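What follows is a single chain, given as structure tokens, in the form predicted on its own.
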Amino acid sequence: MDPAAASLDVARSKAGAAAVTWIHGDATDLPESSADLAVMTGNVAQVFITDDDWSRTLLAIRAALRPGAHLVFETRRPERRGRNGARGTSA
């Protein structure tokens, strides 16, 4: 699921892409109780401008997940740049 068609085009060009169902849209386009796992990468947060955007998306993900399914998400704290050694990585 991605609202950026260009990103889906890149994903579809990768090895093994045929084993994945790629959907152009956002979380509100997912059918209810249709997924076992939802993954949100760190850059996803950049597209949500308002609290209402976040709420609508999280509620749609909740509706799309089957009972016992999981939402996995990545968070980033730019002030902690542990990967490049500029700062520590402790919380």
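Small disclaimer: the values here were computed from a predicted structure and weren't measured. Start at 1 and count along the sequence shown; that's the residue number.
Not on display, but discussed next: the form predicted in complex with a small molecule.
At the 4.5 Å threshold, heavy atoms of residue 47 reach the small molecule in the model of the complex.
Put simply, residue 33 is far from the small molecule in the model of the complex: not one heavy atom of it is within 4.5 Å. Residue contact with the small molecule in the model of the complex: residue 55 places no heavy atom within 4.5 Å of it.
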